[in-house]
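Coming up are structure 1 and structure 2: the same protein chain in two forms, each one given alone as structure tokens.
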Structure 1
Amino acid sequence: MKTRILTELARLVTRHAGRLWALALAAGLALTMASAGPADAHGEKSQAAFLRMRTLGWYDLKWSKTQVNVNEEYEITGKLHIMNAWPASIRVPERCFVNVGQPGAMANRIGVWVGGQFTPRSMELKVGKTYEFRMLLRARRPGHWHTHVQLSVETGGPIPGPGQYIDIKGNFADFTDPVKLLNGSTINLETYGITSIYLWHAFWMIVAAAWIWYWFTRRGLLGRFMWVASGKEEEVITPQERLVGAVTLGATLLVVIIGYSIAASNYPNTIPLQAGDFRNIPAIDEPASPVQIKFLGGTYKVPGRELTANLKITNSGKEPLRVGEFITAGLRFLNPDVYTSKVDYPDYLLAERGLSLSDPSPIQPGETRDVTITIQDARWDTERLSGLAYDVDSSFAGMLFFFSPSGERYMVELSGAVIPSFLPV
């Protein structure tokens, strides 16, 4: 009895194998889709760790607001250091563009200023220099949006910096983007010119449909084909139909000429698209740093998510200095002995107790000291920087910040090779 049931079942399955496969595939697809969540990120974690650490140093980032209404403006400000450790595998940013990494046009970019220069087009930035930037955005689409700063480098691609969630409330239909033109009029970019686009396209689509239908309804396809096949192709089109064609041609040219003339008359002062790049962007004029660092060697412990760097630090300044912060790839590792109050920064990028030193006491003026710094946090892993151990160039870079009792801050770029330490097997 059991054998018979199994035989019948097997026969049934064999007979409906195709359908069962299709059903299984559909179910699998549905399950995959059911588990899909909204995409928040912009691929910033997918880039090789050493590239993210050695290209750009973003710091002093500030989002002026994280809760805004439609049409409300907000800013992202900060500093951008082009690392001296810039890797050879990416072309230096001699042609680049400071961009906003956001999910489409959820906010309009009113302007970006780099070194005080309004930069609506590409620019040249120099390796080793630090630039102040400001982005002015205008909230457009309601939602919960992850917004990055980003530098796109020609032939290299986009290098996303730190991101922050922006909540936009209100009604999308209320959005306007007023812009003043040189002729004195003010237009709304959101809707400008759309009606004329629709009308012009609709007009010509109707003409095209009429032309096609006119010829199609004259003996159709099969009829014409058989006429041509029988060698009478010269008889298919009548002189009247040619006349219709000639009139249509004349009318078409006339409409284009009249349309062009009206446009030229309505808009006598037009200019071509503007395309020039910006050169000589002013960098921050930083005073000479009183700190010199010699990198003696480093290791990265994969299981402990811990980077250690052995440094020889010389303080040639007039005040004692303490190491307070290390920034790499947008992640901030703080020394809790220096940062004693809460820091306003996206939590997923902030390791408030991530930095420690072998000797935490201040480095006195004129002193040279060997120091081992330890940068340890799970964010090495969550931000996929632990992949450094498997990169084609096992070297890191970042910015080390020193603080003086009088409130001065000095940034020193730090870079070098690291030797990974793997899980014991």
Structure 2
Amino acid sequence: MKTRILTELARLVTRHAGRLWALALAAGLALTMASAGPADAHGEKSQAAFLRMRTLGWYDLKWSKTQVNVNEEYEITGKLHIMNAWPASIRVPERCFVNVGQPGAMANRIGVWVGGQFTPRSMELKVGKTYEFRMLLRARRPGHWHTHVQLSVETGGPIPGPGQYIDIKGNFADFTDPVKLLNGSTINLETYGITSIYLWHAFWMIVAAAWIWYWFTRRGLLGRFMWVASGKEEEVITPQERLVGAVTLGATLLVVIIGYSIAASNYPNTIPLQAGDFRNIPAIDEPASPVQIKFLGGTYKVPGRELTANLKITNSGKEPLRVGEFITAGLRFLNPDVYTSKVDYPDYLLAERGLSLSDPSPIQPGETRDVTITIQDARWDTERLSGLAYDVDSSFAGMLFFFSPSGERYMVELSGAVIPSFLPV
């Protein structure tokens, strides 16, 4: 009796479920596409605080332009420090590349130079070293776009740095992407072969739609499940359906082979996209820092968005030095006693009065002083770096900058574990 009921139910479901599933799938896809809005950011705030603070130190970043026209070029330049505090859970950047994070192809990446070397492929960067980089972009799609620098690391994914809004004006239809080929001719890569691309995509979309329609209108997922449940799993796929599957497979392979042969015949001169990695990228040859820092411990007060670090600082140089800035995860916390004028940097990442010291006087040559540095600003929360209080080891990392009267600047990496405090003091 049970088998007969399941069989009858399977027949009913088979008669109508396929069409209902196909219609439901099409409606779901249409609703999903219709409700999708434009991307405005890249989710960098969703990355763990320890990952953003302890991997990369971006500084001296400059966007050559923030308002450009379609086809106009602009640059992003700066320095990238690979932190010594690099977490063990993330693979070190033995294979990585500097990239740009943006909402789709709003600008073309024309070229990237790291350490003065053109790097169109992956490269190796060493922990503890600092590298200069330059990225050249060409504006493509009009709009108001948030553009990041980022380092994409093998197995670790993209680690974004600071971002700036770029306004692109003009008409998208005017964009061109000229590329010189090996034979000396120049093509517009934006439209080159676009007709063939559309035709091939349309062809395979039609094939895929026909394939889905065929199987969903035969019995559908639920109908086939009922057949299996009723003990007729050997009859789920009929000989006719096996024949259709074999013919479709053979035809697909034939089309692929013929298409590949035509492409290889028409375009015999090609080069691989990846032909090896760049090694020995030159790092910045910085003079030895006269500053030695010993981290004595610290706290992070969650209600006050305040990080305090107790340090023993030794100045072994010939000039007095002042602490002027702390950078972590692209955020800049400035000492207003050192930075007395406006700084050109994205406002959402700039805390102009975010750094203070227990003793703000300059550290004299040969002096060793115990100093408590307070780094306080709401941006700890808005950029979700306060999540360090919930990490397993509650560790932070960043770069502390010292300034001399002669204009010299020294960068010292600072890191350590802090004790989180969840109660106001």
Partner chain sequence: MLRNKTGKTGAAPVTESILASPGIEGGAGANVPRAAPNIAFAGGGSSPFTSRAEAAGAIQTADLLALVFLFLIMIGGYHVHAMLTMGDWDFWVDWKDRRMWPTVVPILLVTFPAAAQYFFWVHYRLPFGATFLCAALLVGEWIDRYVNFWGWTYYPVNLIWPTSLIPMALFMDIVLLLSRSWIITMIVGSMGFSLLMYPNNWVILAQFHLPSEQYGQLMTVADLIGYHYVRTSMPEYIRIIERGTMRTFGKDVVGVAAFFGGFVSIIVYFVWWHVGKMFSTVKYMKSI
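Residues are numbered by position in structure 1's sequence, first residue being 1. Rigid core: the largest C-alpha set superposing within 1.5 Å between the two forms. Keep in mind that what you see is a predicted model, and the values were worked out from it rather than measured.
Peer 1: Sort out for me whether 1 or 2 is the form predicted together with the partner chain.
Peer 2: Only structure 1 fits here, because that chain is the form predicted together with the partner chain.
Peer 1: Examine residue 340 after superposing the rigid core and state whether its CA is displaced by 2 Å or more between structures 1 and 2.
Peer 2: Shift at residue 340: below 2 Å after core fit.
Peer 1: Please state whether residue 155 has a C-alpha shift of 2 Å or more between structures 1 and 2, with the rigid core used for the fit.
Peer 2: No, the C-alpha moves less than 2 Å.
Peer 1: For residue 234, is the C-alpha shift between structures 1 and 2 2 Å or more after core superposition?
Peer 2: Yes: residue 234 shifts by at least 2 Å between structures 1 and 2.
Peer 1: With both forms put on the same core, how far apart in Å are the CA positions of residue 200 between structures 1 and 2?
Peer 2: The shift comes out to 7.9 Å.
Peer 1: Rigid-core fit: what Cα movement does residue 209 have between structures 1 and 2, in Å to one decimal?
Peer 2: Residue shift at the C-alpha: 14.3 Å.
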